[in-house]
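Just the one chain here, laid out as structure tokens, in the form predicted on its own.
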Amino acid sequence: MIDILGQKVYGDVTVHDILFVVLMMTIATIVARIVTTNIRRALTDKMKRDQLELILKIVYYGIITIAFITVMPTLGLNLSGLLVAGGIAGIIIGFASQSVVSNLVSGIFLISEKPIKIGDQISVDGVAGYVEDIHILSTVVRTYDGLYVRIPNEKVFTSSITNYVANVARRFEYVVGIRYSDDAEKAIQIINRLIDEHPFALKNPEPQIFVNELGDNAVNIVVRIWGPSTEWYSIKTELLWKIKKELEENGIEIPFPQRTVWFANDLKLKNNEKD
């Protein structure tokens, strides 16, 4: 019986070797399609289509290339020279594109993990504002004064991110000083009523109003208020002025810094001499 699989096609390469290579490449193609299909399902709603397609192509052809390089020695092709050259080129390209790859990987984690979303108000690496877009290599933030800042994804991913709207509610605080001669309980009642009347000041969590300190010039009342994360700043600025006006209309004043100075007898003598 003729051993067909053992028949040599060229050199030492047999029919069996060729069939093995075909089988391995077929398996690699199937694996590549399975992997890219799962990646597409996982990231379709989390990435832009062009960015996702780029990642899928890199993954797909990466798997095919690795399989191809692996099976080539079976066909009698010596890839050592090519691998050495490729390795040197890879090292050079690796150093040159280190930051690009780092930003790419960080971008994938940012998109999949979602610590921030488009429209969020954040502070990262000293830049505060609204997230305008999250690209595969960088994140664009529009600052509160209208400037667009592009931050590499590596810096965003490795920095401490403060997300001001991740929680639906946010607390802000005043310190209101009143004179020692004023009624602190009455002041607290007035402030509490103003907060209760404001449509956006939250009832739960409850606001906190209490005398915190007997200061050098005033009795300091701490006012802590919760509001929706998207409205807290307008509430803060609006209520502060209302509190000042309402306290003054009820005879409670916010004192200026005061200092009592005791003069020695010399001043009294001089005044007497002048009289």
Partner chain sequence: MYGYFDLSEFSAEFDSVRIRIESDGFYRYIRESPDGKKEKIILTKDGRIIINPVEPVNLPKEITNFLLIRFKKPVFIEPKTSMEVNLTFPVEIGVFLAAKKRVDVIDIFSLQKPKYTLYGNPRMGIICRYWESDVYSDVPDVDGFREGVMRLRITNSSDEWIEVTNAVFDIFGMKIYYDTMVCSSASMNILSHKVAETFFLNQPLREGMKKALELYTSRKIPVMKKKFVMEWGI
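Keep in mind it's a predicted model, so treat the numbers as computed, not measured. Residue numbers count along the first chain shown, from 1.
Separately, the form predicted together with its partner chain exists; it is not shown, and the next lines address it.
**Q** Using a 4.5 Å heavy atom cut-off, indicate which stretch of 177 to 185, 67 to 75, 193 to 201, 153 to 161 touches its partner chain in the model of the complex.
**A** It is 193 to 201 that comes within 4.5 Å of the partner.
**Q** Report yes if any heavy atom of G126 sits within 4.5 Å of a heavy atom of its partner chain in the model of the complex; otherwise report no.
**A** No, G126 stays farther than 4.5 Å from its partner chain in the model of the complex.
**Q** Report whether the minimum heavy atom distance between V223 and its partner chain in the model of the complex is within 4.5 Å.
**A** No - in the model of the complex, heavy atoms of V223 and its partner chain never come within 4.5 Å of each other.
**Q** Please determine whether N167 contacts its partner chain in the model of the complex, using a 4.5 Å cut-off between heavy atoms.
**A** Yes, N167 lies within 4.5 Å of its partner chain in the model of the complex.
**Q** Please run the contact check for G146 against its partner chain in the model of the complex: heavy atoms, 4.5 angstroms, yes or no?
**A** G146: no contact with its partner chain in the model of the complex.
**Q** Please tell me which of L240, V31, L56, L43 lies within 4.5 Å of its partner chain in the model of the complex, judged by heavy atoms.
**A** Exactly one listed residue reaches within 4.5 Å, namely L43.
**Q** Answer with one of V219, M47, I209, L247: the residue that has a non-hydrogen atom within 4.5 Å of its partner chain in the model of the complex.
**A** The residue from V219, M47, I209, L247 that makes the contact is M47.
**Q** Listed by sequence position, which residues of 231 to 249 have a non-hydrogen atom within 4.5 angstroms of its partner chain in the model of the complex?
**A** Going through 231 to 249 in order - heavy atoms within 4.5 Å of its partner chain in the model of the complex - there is one hit, E231.
**Q** Can you tell whether R49 sits closer to or farther from A166 in the model of the complex than it does here, judged by CA atoms, where the change is 3 Å or more?
**A** Here the pair is farther apart than in the model of the complex; there, closer.
**Q** Do the C-alpha atoms of Q51 and V131 sit closer or farther apart in the model of the complex than they do here, given a shift of 3 Å or more?
**A** Nearer in the model of the complex, by 3 Å or more.
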